[in-house]
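One chain comes next, on its own, written out as structure tokens in the form predicted on its own.
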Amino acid sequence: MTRVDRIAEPWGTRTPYGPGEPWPARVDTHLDGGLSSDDVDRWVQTASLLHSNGDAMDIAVKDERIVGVRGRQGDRVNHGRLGVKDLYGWQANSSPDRLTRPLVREGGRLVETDWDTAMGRIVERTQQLLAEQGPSAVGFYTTGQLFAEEYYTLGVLAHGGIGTNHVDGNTRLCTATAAAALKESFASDGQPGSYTDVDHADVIALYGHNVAETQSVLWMRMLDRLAGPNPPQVICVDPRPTEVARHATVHLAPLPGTNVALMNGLLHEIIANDWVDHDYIEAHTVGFDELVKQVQDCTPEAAAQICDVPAEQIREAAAILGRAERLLSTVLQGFYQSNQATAASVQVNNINIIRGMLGRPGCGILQMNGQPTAQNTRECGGDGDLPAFRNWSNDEHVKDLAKVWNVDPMEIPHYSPPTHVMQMMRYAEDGSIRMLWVSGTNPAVSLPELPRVRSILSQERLFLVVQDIFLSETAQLADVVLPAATWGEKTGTFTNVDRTVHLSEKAVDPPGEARPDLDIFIDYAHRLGLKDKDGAPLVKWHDAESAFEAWKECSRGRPCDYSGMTYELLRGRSGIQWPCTEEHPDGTERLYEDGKFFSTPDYCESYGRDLVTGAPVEATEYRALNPTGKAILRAAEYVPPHEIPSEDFPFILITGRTLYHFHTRTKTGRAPELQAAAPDVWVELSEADASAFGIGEGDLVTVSSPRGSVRAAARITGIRRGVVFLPFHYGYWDTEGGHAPDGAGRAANELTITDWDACSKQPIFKTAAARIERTAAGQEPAPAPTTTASAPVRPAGAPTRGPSDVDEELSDRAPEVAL
């Protein structure tokens, strides 16, 4: 057993392996207060809720308290490893400022009350608005951190009971483009690839995907391949000097907002050199001729003019992609939160498709998720889709869903796609949405253009309900606050990026009167008297397992088919990939192995959209394009961002994550080791830009956009010139301001623009125009980690370290794999 400071060495000890070999197991364990495994009363099965990797773990319980975690060696996802947020984040559960009783607003203040009073107010306001204005007065905005059973219940009561179309999740901010890109290429959501493709690939291409900080255990897997024999070549597309870039064979650092031009340049070169699988294209795709025509003039030189990337680098990357025998492609926020998000992500799919790199070991696409249960929001109707990938514009799908719920099809709104959150904010601003129920998320920090968002959420005419575990910035603005249970305090399932479903069991009781989100939704449905067309309760389940059984039936026969799973199968086994059916009782590792897709017109989830305008493709148009259900090659021209640098705002602002925090830091900010590693906001800028503006390491800098300003300490890094970066985690809950700036701004979204991708409706966080100004001399280095993309170009103070060590235990026993 080895002990490692995992704050200082976040990816731990290397366990090298070669292509086609199983990833060696290593069990990571962290226990509180010098406890050993012998001191633990029991271990309880779960998986991580602080990123989308789906790391399986066991919770250590002693004296009915959570005292630590241990990775599950036999799990197919992590083989026992845990990331830094997994190892330390659980401490937030026992924070003394957890919400323990409902709160209601009285005389302008939130005061404690009982559940009957709180729920009574919500039900009374709902009924009043339904009578006055109808279902369109009510909106729901949820998270990427609940369980599948909870999203499904919310989807049923909102779509099938109340009849509102205003249902979305904060996965809109991180994952909507993943779903949109998959629907454009395959007419259905669902990741084609598997994490085991890392074990086989000879080329791994990461597009805007800082996997080292967003899915650190997946990065451990890649690092171990790089440390072993015959390592894969790595292509990194990112304007920042990430750990991925430091290990890349080719690092492309395009100007933010130009990803489509870069991708078209790569596609041009691959096609021009005939590095394409013509047999695969002929047998399994439509749209190749249009793609060839679109990229014909986008030579590497033409792309280089737009992206400011050397043409020779584009050629080198294209040659690696074009000659790969097993290509794994991954995509995340660098593409999803940028200009032309869906169009750029679809071009990644196009490279794998025209090269025939699907459905074989090492040949996959992972349009990554940003949050742990993002996939479930998309599957269960918790955001802008109908449950089980039903097509909102296919009347037969709506009828089928109505049959599952035993309601009239006309009670399920399907006159347009479910409303995305940015449109919901507009409706609330205009006064048509008058009740907004926010569960498990924090839009007062995470949405763009925060001054506007705060003004919307604090309107008197808007009845705001917040269901959370802490008094977040958003909760402080609410009319009713409901205390929720969280991970480790309730039972449910959730699904990671490569479709692996994990069961998370209750380990301890929630504090005070806090309740599981599922219980709250069921209680609301019953108090509201929601019925099916036979007069029976619309929500017929009463606990997590019975909700899961209901969800299974809803998913039966659809791409995300869970019908072969049970809690008993998931319990102990640790991870099964959907679709899991009678035909595939062990799950399905890769989709589209046989070149068959979920894309026939009568079955597909979506007919797609125009990649530039976002206009929906009509059913008749889709039937003409793809009558037999093939993969679709969709082309797109490059269009510049709406906001570009100017004389007044000469920089491009991008925002993003750091390894040590999650979302708006409500949990990780309460974990001492994580908070100490990245205690406050900073701004990254290049050495050349710092010199031009007389800025040194740690100097206070004001970053301004046309919408606001933020003050942060400067970190001088290897980021490309003309670009500045702010981490998006920092808000105001731990400042004097409470929910808003008390002086200088701190949240990156004070600066970002109200704008979204035409297809996915995902807000754009990475192309705001900004200026910088030195405000004061710094007294110490910026509070940015030295271990990540924010590492300084020159030594700056003490390196990032942690106060405690983690046990890493290597094992000769190969982990069990689902298939």
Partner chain sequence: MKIGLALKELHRSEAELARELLKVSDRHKVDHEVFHLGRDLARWSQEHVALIAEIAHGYGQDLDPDAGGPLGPLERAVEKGSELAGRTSSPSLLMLRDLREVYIKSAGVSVDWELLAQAAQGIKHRELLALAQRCHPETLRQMRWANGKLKESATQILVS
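All values reported here derive from a predicted model rather than from experimental measurement. Positions refer to the first chain, counted from 1.
There is also a form predicted in complex with the partner chain; it is not shown, and the following applies to it.
For a residue to qualify, one of its non-hydrogen atoms must sit within 4.5 Å of the partner chain in the predicted complex; all three of 433, 639 and 754 qualify. The closest heavy atom approach of residue 540 to the partner chain in the predicted complex falls outside 4.5 Å. Residue contact check for residue 612: one or more of its heavy atoms lie within 4.5 Å of the partner chain in the predicted complex. Proximity of residue 602 to the partner chain in the predicted complex falls outside the 4.5 Å heavy atom cutoff. Using a 4.5 angstroms threshold between heavy atoms, residue 427 counts as touching the partner chain in the predicted complex. Proximity to the partner chain in the predicted complex, defined as a heavy atom within 4.5 Å, holds among 323, 452, 247, 101 only for 452. Proximity to the partner chain in the predicted complex, defined as a heavy atom within 4.5 Å, singles out one entry of 313, 655, 191, 423, which is 423.
Look at 36 to 44, 66 to 74, 754 to 762, 23 to 31: in the predicted complex, residues with non-hydrogen atoms within 4.5 angstroms of the partner chain sit in 754 to 762.
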